[in-house]
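Here's a solo chain for you in structure tokens, the form predicted alone.
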Amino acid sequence: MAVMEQVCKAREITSVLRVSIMSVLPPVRNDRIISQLPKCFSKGAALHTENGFNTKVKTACQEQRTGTVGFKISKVIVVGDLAVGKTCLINRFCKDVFDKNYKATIGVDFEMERFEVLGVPFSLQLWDTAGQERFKCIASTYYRGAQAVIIVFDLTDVASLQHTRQWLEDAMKENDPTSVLLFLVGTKKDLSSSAQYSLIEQDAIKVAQEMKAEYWAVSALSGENVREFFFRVASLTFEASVLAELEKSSSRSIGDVVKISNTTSNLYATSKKKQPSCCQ
């Protein structure tokens, strides 16, 4: 009985904290509410192809056992060659604008986007990094601690796709490959002819499979697939965060409050090894 009383008291405290934090933050926009797992772009290159969220994640959200996941910021870094459209991609989603007057990002910039996933508040911090070589080491200092990496290339520029492997390697020098979700995104789909796109998509899917990344093709100009892509990023990052939180809880749980097996670890593991930073 004493154990159960402690458990109930802990849940009550968690609920009070959740209400307190929620009261400080502005409400999540209606168009940032996610109740179902968004579909992948291509089943040939997806992090997973299930139709819904992990059952353990849905149960945890229903029972309010997501710990601090809903109140922390998950870091997403966006990397890729100069002028592939990283900033335009972020601005199209966050501000619903497209600026034709291109200005190269100097160092890094970031945007914050708040969501509600399965009834739980969740935030993404999108770090827009410079693609110029002279800013590479400056930008790489901000790579550390990412929960997801978006590697961007230009669908009309094959060379930019080839360079994505190096961008991935640079990003993984500062992160644990077993805990980072990877996304390979082709931009400027509106500028690519059907025949040209068909050819580069085949290569892009192969690269994504090698990276263990999820592939998407988008257009910041028209907005095609941009919202769907970022909703997918938010959903999968949220799911991975909750699963990680549940695993931590299982190792320190009281009685039978949480029973999660360790089979959920490394769901999105990559084969890359840590390398020393280029700036060292």
Ligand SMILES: Nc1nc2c(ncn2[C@@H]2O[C@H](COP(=O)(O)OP(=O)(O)OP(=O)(O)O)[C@@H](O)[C@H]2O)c(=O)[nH]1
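This structure is a prediction, so every number in the text was calculated from the model and none was measured. From 1 onward, residues are counted along the sequence shown.
Quick note: we don't show the form predicted together with the named molecule, though the next part is all about it.
Listed residues Q196, Q132, S123, T141 were compared with the named molecule in the model of the complex; Q132 is the one with a heavy atom within 4.5 Å.
Taking a 4.5 Å heavy atom cutoff to the named molecule in the model of the complex, the contact residue among Q162, T105, Q209, S179 is T105. When the named molecule is considered in the model of the complex, V149 lies well away from it, no heavy atom lying within 4.5 Å.
In the model of the complex, the named molecule stays beyond 4.5 Å of every heavy atom belonging to F110. Interface residue remark: C88 is counted as part of the site for the named molecule in the model of the complex, having a heavy atom within 4.5 Å. With a 4.5 Å cutoff on heavy atoms, K188 counts as touching the named molecule in the model of the complex. No member of the trio L118, L243 and E247 reaches the named molecule in the model of the complex with any non-hydrogen atom inside 4.5 Å. Between 141-149, 188-196, 110-118, 169-177, the stretch whose residues reach within 4.5 angstroms of the named molecule in the model of the complex through a non-hydrogen atom is 188-196. For the partner-free chain shown, S219, A220, L221 of 201-228 come within 4.5 angstroms of the named molecule in the model of the complex, judged by any non-hydrogen atom.
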